[in-house]
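Below sits a lone chain in structure tokens, taken as the form predicted on its own.
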């Protein structure tokens, strides 16, 4: 999503753009999300409440977060920086930065989806955060007031209101919070593919090839690929969790790690339906209606990007999801795995690389890359052309980590 968005935003400003990807656009990290275009995703995972949950997470049996000890031991710097960002003093500026991105997410997607002819994939029904515990109503109300202070619309729901909104949801939840300023799509990959097709229809070039490396030239940058070399005045690195691999040989050591996640699709029993994605807080999963069934997504796994899969988390949440909604048989026999690219402060890196004129960076959007891809592209393209970006680019500057 981020790479295609950057290509579209630059093309709109008159650039001739070549988009190089080893797979079809939307087939990697952007494929496996809950499809939510989220206005309310403004609180980073590493916020002060993480400290309260840390003892439970350290047992390494929680559905929300699992880790591979060897991976953590090989990346102590990233872990320490990630935890340091959970200090209360670091929260407000990061919330403001994320808010500046998510406030543009839905309006930009609506415009682009209309232009790409895929508006039928958009559901403007929001998403639900659900609680099972007796403290649910109090928590829902507190969060609603907090979001109201940040100009994000939400509505607390009691058991009866939940049943009215989602009649096929089993009545096991004490409360919910309906995030009304958000939307969702029925197949994220199809939306990215539609944006890519729009880019190609407007004269953009898409090359499916493995990129072996990037090097500076007297006139700009050269990408060496299995399809041959490509030269350009500027280069944009938007390789998601693979971005750091291409920058390290250039002397740019980016503290990029990944939060892995898994999903499966299930059919609903007896014609049951959900009108929007839901997040079961205490059971630590999301369930989203998709074109090919109901997508069940797991929590975070801190492991090397390419380590073998571990299905423990998604296996753990499946019984809870079936308690909540009548899921039937699995649609596919495989379990999808992906890696969300995350920097220690949970903010993306958007801007020109230090000491590398013409090399631009756009990655690290963690869990909200699908939502914030278009605004990321617009910020980057505005910086390239000297325009005023739609959001303050300072919090996303590469110079906060690269010198």
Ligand SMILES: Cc1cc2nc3c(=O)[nH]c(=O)nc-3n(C[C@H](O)[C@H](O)[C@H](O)COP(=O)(O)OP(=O)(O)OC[C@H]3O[C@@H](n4cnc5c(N)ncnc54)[C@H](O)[C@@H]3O)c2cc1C
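Numbering follows the first chain given and starts at 1. Note that the coordinates shown come from a computational prediction; the quantities given were computed from them, not determined experimentally.
Missing here is the form predicted together with the named molecule; even so, the following discussion is about that form.
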Given 241 to 249, 81 to 89, 163 to 171, 323 to 331, the stretch touching the named molecule in the predicted bound form at heavy atoms within 4.5 Å is 241 to 249
Would residue 39 count as touching the named molecule in the predicted bound form under a 4.5 Å heavy atom rule?
-> no
In the predicted bound form, does residue 1 have a heavy atom within 4.5 Å of the named molecule?
-> yes
4.5 angstroms heavy atom contact with the named molecule in the predicted bound form for residue 30 = yes
4.5 Å heavy atom contact, residue 366 and the named molecule in the predicted bound form | yes
Of 375, 343, 359, 34, the one that lies within 4.5 Å of the named molecule in the predicted bound form (heavy atoms) = 34
135, 95, 72, 210 - the one with a heavy atom within 4.5 Å of the named molecule in the predicted bound form | 210
Heavy atom of each of 261, 297 and 338 within 4.5 Å of the named molecule in the predicted bound form = yes
Though the partner is not shown here, which residues of 11 to 31 have a heavy atom within 4.5 Å of the named molecule in the predicted bound form?
-> 20, 21, 22, 23, 28, 29, 30
